[in-house]
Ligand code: RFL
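Okay, here we've got a single chain as structure tokens, the form predicted alone, with questions on binding and movement later.
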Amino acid sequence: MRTQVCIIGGGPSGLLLSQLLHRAGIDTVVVEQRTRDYVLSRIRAGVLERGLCNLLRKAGVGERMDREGLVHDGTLIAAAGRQFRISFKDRVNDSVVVYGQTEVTRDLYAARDAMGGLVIHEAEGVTLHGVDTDHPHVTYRKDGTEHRIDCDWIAGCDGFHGVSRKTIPDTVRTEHEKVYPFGWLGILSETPPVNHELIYANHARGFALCSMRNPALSRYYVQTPLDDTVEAWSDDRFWDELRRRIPAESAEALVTGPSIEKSIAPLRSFICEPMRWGRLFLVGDAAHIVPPTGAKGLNLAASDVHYLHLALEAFYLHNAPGEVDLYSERALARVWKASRFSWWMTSTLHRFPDQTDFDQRLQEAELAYLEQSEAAQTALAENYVGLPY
């Protein structure tokens, strides 16, 4: 098989890149290790920056998002038993959209099907060859048969544990990592959200987040130790702990119910440099991970897709091959800025194991300053809705 761009990974970043390139007349094949049902079963956050919303519209998959997504013009910050609101509209005249990542992926799959895009699922033993030459290719096994895809370029959209990043030699690849000493216990419940906007809560017992997927489906989180287990948390224990960590006015309004999904996620900041080697580009979680505080994971993957699809369009359509050489530099500049914001949100809102009462009071003072300072609110708002591409 021959294609122009072979995309490793059938998650939202791989599908979005494939869709954008297809609409520009550039041929792609997507290779995914898992089944489509598995990909669509993954529960992920769904706060979409303005840049990602515009990119989905450009790809022709924004209609359902625009119809069903929840537009958020601000967010709530809680600390020391009270909460305040930061208005994105007032500070930067912009907003975000709450629309689940699963729904984004579902829309992208539908678009690829409608355009006849080739997505190969259950591809085992995916291996990248000749990445440092002008003639790379990808091999994989499916139904017991070995297959080969020759291509001009390979886009590694296969996540943190995928094969793409590991294809770059250790002598070329530099990895930066910060592992946080806690995780997030999250539950999904078929209950109305406690507020129509997100609540980020700092508390001496640990961080909490009140979020949602839609008006009838809520997503809540509490900070837990790394060695904690889901089995140790009954629904009743979770709801009791969440009430303790959010202000009384929200705790009283909280509607509880049985959880339909419950999991613990560790938090880390991770960045791989460079994001291009030879004919291979890294995209999304294959190159970088951010803690979910600030909702930058999917949005950072989208900004990578933005830079890469324009570079490949320049290469194929405008006789401008130099644009691909700038991909890594451009993507990493935005990655580091978004990682700084996620680190700041995480450091300011969470309880660290060695944290003293002094440290807690400093966090509360930081948030009190945020409440009173238009400049500080503007800085948070412009990062939260997304820095420009």
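A quick note: this is a predicted structure, and the numbers were derived from the prediction, not measured. The first residue of the sequence shown is number 1, and the count goes up from there.
The same protein also has a form predicted in complex with this ligand, omitted here; what follows describes it.
Within 4.5 Å of this ligand in the predicted bound form, a heavy atom is found for none of G62, L70 and V96. Screening 54 to 62, 324 to 332, 28 to 36, 353 to 361 for residues having heavy atoms within 4.5 Å of this ligand in the predicted bound form returns a single hit, 28 to 36. Although the partner is absent from this view, R42 contacts this ligand in the predicted bound form, with a non-hydrogen atom inside 4.5 angstroms.
Within 4.5 Å of any heavy atom of this ligand in the predicted bound form lies no heavy atom of P136. Although the partner is absent here, R219 is a contact residue: one of its heavy atoms lies within 4.5 angstroms of this ligand in the predicted bound form. In the predicted bound form, at least one heavy atom of I8 sits within 4.5 Å of a heavy atom of this ligand.
Between the options C272, A201, L298, V119, the residue in contact with this ligand in the predicted bound form by a heavy atom within 4.5 angstroms is L298. This chain is drawn without this ligand; in the predicted bound form, the residue among Q83, N214, N195, Q101 with a heavy atom within 4.5 Å of it is Q101. Along 253 to 291, these residues reach a heavy atom to within 4.5 Å of this ligand in the predicted bound form: A265, V283, G284, D285.
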